[in-house]
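Here's a solo chain for you in C-alpha cells, the form predicted alone.
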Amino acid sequence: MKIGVFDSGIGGLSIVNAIIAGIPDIEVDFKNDAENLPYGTKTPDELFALIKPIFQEFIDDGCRVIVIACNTVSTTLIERLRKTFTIPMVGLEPMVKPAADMTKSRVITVCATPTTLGSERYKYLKDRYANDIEVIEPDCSEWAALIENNQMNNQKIIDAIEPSLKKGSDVIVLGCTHYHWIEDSIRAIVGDRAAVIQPETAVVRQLNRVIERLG
C-alpha cells in the first residue's frame, strides 16, 4: 500500500523512518514544503492555501492514506482537510494526555510552535486532560527553522528547558516533529530529571489500524 507523509520540512522524515520500520511492505511518498518554513508562525488560512495542492498531489500519486507529520497542521487544519479530501488522514498532536498520566510532580512541559500552542485543539487537550496540572510552554518558536538549517545548539535547548525543570516539570512533550531530530540532545541535557516523549510509536499504531480498515 502507498501512503503519503507530509511535513513542513525535514521533521517528518523521523515519522517516515518509524513507519518503514514498523510496517512491512509499505510504500511511503514523503512531501514537504521547506521553502515556506516556518509553518509555526503562519495563520490557518495561510497554511491551508499552501497545503491543499500538496494533498491533491498525494491523491493523484495513488496514496490511500495521508499522515500529517506536523503538529501545527494537525492541530489547526485536520478537520478542514478531512472535509476537503475524502482520503483517510492520521494526524499528530502534542501528547498532553500521556504526559498528564505520567507526571508525578503535576508539572509538564510542552515544546511546540506558536500556532500549535494557540490552536483550539491544543486548548481542548489541556482543558480535557491537564486542567489540574501546570503546563509550561517554553518559547521554541525558532527551533524548527534552526533545526532545518542545522543551526541548533545545546545552549538554546538549555535556555528553553532548564526553567521548566527548575519548576519541577518531570515530563517534556516534543510537540513538533522537527524536535525529534534533537531528542537525543534533549535527553542528554535533561538526564533523569524528566521523561521526554514524542508520538512516533503512537502514529505507527494508528496508521496500522487505518490500513487494516481499508483492507
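In this text, all values refer to a predicted model and were calculated from it rather than measured experimentally. Residue indices: 1-based, along the sequence shown.
From this point on, the text means the form predicted in complex with a small molecule, which you will not see here.
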Practice item. Using a 4.5 Å heavy atom cut-off, state whether Thr72 contacts the small molecule in the model of the complex. Key: yes
Exercise for review: Determine whether any heavy atom of Thr113 comes within 4.5 Å of a heavy atom of the small molecule in the model of the complex, and answer yes or no.
Suggested key: yes
Check your understanding: Thr177: heavy atom within 4.5 Å of the small molecule in the model of the complex?
Key -> yes
Exercise for review: Mark Ile189 yes when one of its heavy atoms lies within 4.5 Å of a heavy atom of the small molecule in the model of the complex, and no otherwise.
Suggested key: no
Point to revise | Stretch from 38 to 46, 161 to 169, 59 to 67, 23 to 31 whose residues place a heavy atom within 4.5 Å of the small molecule in the model of the complex | key: 38 to 46
